[in-house]
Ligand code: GTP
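Take a look at this single chain in structure tokens; it is the form predicted alone.
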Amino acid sequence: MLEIIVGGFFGDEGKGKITAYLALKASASLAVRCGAVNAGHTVTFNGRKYGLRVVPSAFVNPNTVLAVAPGALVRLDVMSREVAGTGVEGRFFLDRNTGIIEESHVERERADARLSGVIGSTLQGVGAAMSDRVFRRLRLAKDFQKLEGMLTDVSEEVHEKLHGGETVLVEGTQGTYLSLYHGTYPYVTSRDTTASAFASEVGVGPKDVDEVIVVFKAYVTRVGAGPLPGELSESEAERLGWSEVATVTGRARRAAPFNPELARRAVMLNSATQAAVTKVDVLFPEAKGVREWGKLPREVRNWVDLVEGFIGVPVTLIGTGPNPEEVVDRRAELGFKPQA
């Protein structure tokens, strides 16, 4: 089984939490992270908060092999810190064709006034590295001798696992509306961020994908410039408890109420088969820590039903707290086969 986890808004939806939950509840033998270091996924585990920019959020399962897709980009300094900090040495691998962001890429972006002042880029060197890849001058993981011991063929590994009946998780980054093609251009990232793009980054075709889980937050947040329908003032966001800061840059996230039209379109663009909604406990504090559908307050269940009606696919996973296990899992009752 292959499942792709993808963001439904502008990033910050809680994909790391959902990936970590699936990893803990599954015998997923392999998890592959896509994207680049401008996207941070937060995982709270065993009382510690991890802000991950390279290592897959599935690291919480010690039996899961972790890898970075050939279409992804990494910074070696960030990678080294995360591998050491998560203790995944020996089970973390890069594809030979994974792109490497170097200091020169970061410097080029920091010198670009449009990126920093107009677009609101994270200035992590991602766009510069992507442009170098297009011009065929980017150095890849296979070009660095010191990486030899952690290189593999990720596409081959994924297909071997799938043909053996094992489960693979593909962790997408950022969100649908930051897509270079389908997002709020020019206020977007330097790649496509939909499920089909993540499948391509890994090296699998559409027929290999079993489930696409689009992740929404119970409200919408966005970092940097660009449109945000229904945007609240900073004071109103703070009053509601929706004030957040970005994992990578530490910048304040702008906030708005849950947007059903954006959610519906994200389901369409990703061919989502199911949805997860995180931080329901922020919208409804009485839902905090609940793990069973029948124990959620009636107003929460009614709200979820409304969301399902808007987006047209079942909400199978409901986040009720920061820890991976704080999830209402409805997959079995809704006819989805949970990972075994």
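Everything numeric in this text was worked out from a predicted model, so none of it was measured. Residue numbers here begin at 1 and follow the sequence given.
A second form of this protein, the form predicted in complex with guanosine-5'-triphosphate, is not displayed here; the remarks below concern that form.
With the partner omitted here, the residue from 253, 159, 264, 182 that has a non-hydrogen atom within 4.5 angstroms of guanosine-5'-triphosphate in the predicted complex is 253.
Remark: residue 69 does not count among the residues lining guanosine-5'-triphosphate in the predicted complex, judged by a heavy atom distance of 4.5 Å or less. Within this chain, residue 61 is remote from the site of guanosine-5'-triphosphate in the predicted complex, having no heavy atom within 4.5 Å. When guanosine-5'-triphosphate is considered in the predicted complex, residue 274 lies well away from it, no heavy atom lying within 4.5 Å. At least one heavy atom of residue 44 is located within 4.5 Å of guanosine-5'-triphosphate in the predicted complex.
Residues placing heavy atoms within 4.5 Å of guanosine-5'-triphosphate in the predicted complex fall in a single listed stretch, namely 167-175, out of 90-98, 167-175, 201-209, 77-85.
Along 1-21, residues 11, 12, 13, 14, 15, 16, 17 each place a heavy atom within 4.5 Å of guanosine-5'-triphosphate in the predicted complex.
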